[in-house]
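Coming up is one lone chain in structure tokens, specifically the form predicted on its own.
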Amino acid sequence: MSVQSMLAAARDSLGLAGRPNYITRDYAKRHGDEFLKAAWCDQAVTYWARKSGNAAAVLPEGDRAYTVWHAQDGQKLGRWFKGTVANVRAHAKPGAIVFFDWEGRDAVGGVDHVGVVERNLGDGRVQTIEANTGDACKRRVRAAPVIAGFWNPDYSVEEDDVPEVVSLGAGADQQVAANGEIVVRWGTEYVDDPKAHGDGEVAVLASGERWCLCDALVRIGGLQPGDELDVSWARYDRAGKKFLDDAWRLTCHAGPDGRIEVSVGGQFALDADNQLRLRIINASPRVAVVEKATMAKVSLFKH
């Protein structure tokens, strides 16, 4: 049993949508076909716990599809915390089973929905993985006013290896002058922790020493076949005024259609004294266009 394996099982379901699905089918095999198209938020928690070998910790009274009973399981164990800001900030650990009441009550009887805490954001909010949210499995950020309560299963391993994740999109086309360069401006932040995305919309900021795993899907148009362009994960000083180095740089050439579509990954260190930007260096004699569909994901691991 471990927090890591529980969260890994939940992450594997991200993007699952509609019902019946493999989670509701698995539950229905044991409890009847009426669950095939039933609300599946707690069916998912049951599935992740069983798949990851954490059933004893997460399901002390057996499979759960009814969220109120699952919340009561935590109460019986003496592990229940009401969803106050203070409790969420101090006690909601990765792997906690977190229950929601859309009417804002901290009462077990009012529970409407359930998920698993992936990360405590430290300010009364948690990042969760939830099923049956818009009939899909998604990451969410939830605040104390809608958290009825939560409980921390007795995992045998409680290490927190959950990275800070920043998921970004360009959101608008951006021009790169001939023989010029830009840093991509991220107009959209999809999830996770806005503290890691700088106010200027160009930088990823770490709060301390971190090991970064980066991946960008870069789409560029407006070129002629064979035109050369470089894409770089670049480090700057914390203020963003001084270029330090290209931590990971790739040279690309436009295809027959005059476009470049490339995945640019990288692994390197970041800390509180610098910042990370995605730099586009255009060596061609014509204007290039970084297309709005360009996106990036940066995972920041403590080390």
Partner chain sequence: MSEPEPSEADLVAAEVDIHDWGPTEEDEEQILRDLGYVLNPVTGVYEGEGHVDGDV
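Note that the structure is predicted; figures quoted are calculated from it, not measured. Numbering follows the first chain given and starts at 1.
Beyond the structure shown, there is the form predicted together with the partner chain, which is absent from this document and is the topic of what follows.
Considering the partner chain in the model of the complex, the lone stretch of 261-269, 240-248, 31-39, 53-61 in range is 31-39 [heavy atom distance within 4.5 Å]. Relative to the partner chain in the model of the complex, residues Gln174, Glu201 and Tyr236 are all farther than 4.5 Å at every heavy atom. The contact residue chosen from Ala143, Leu217, Ala178, Ala107 relative to the partner chain in the model of the complex is Ala143, the criterion being a non-hydrogen atom within 4.5 angstroms. Residue contact with the partner chain in the model of the complex: Pro285 places no heavy atom within 4.5 Å of it. Taking the partner from elsewhere, Tyr47 is found to have every heavy atom lying beyond 4.5 Å of the partner chain in the model of the complex. In the model of the complex, the partner chain lies farther than 4.5 Å from every heavy atom of Arg210. In the model of the complex, no heavy atom of Cys252 sits within 4.5 Å of the partner chain.
Although the partner chain is not shown here, in the model of the complex the stretch 45-75 places heavy atoms of Asp63, Arg64, Ala65, Tyr66, Trp69 within 4.5 Å of it, in sequence order.
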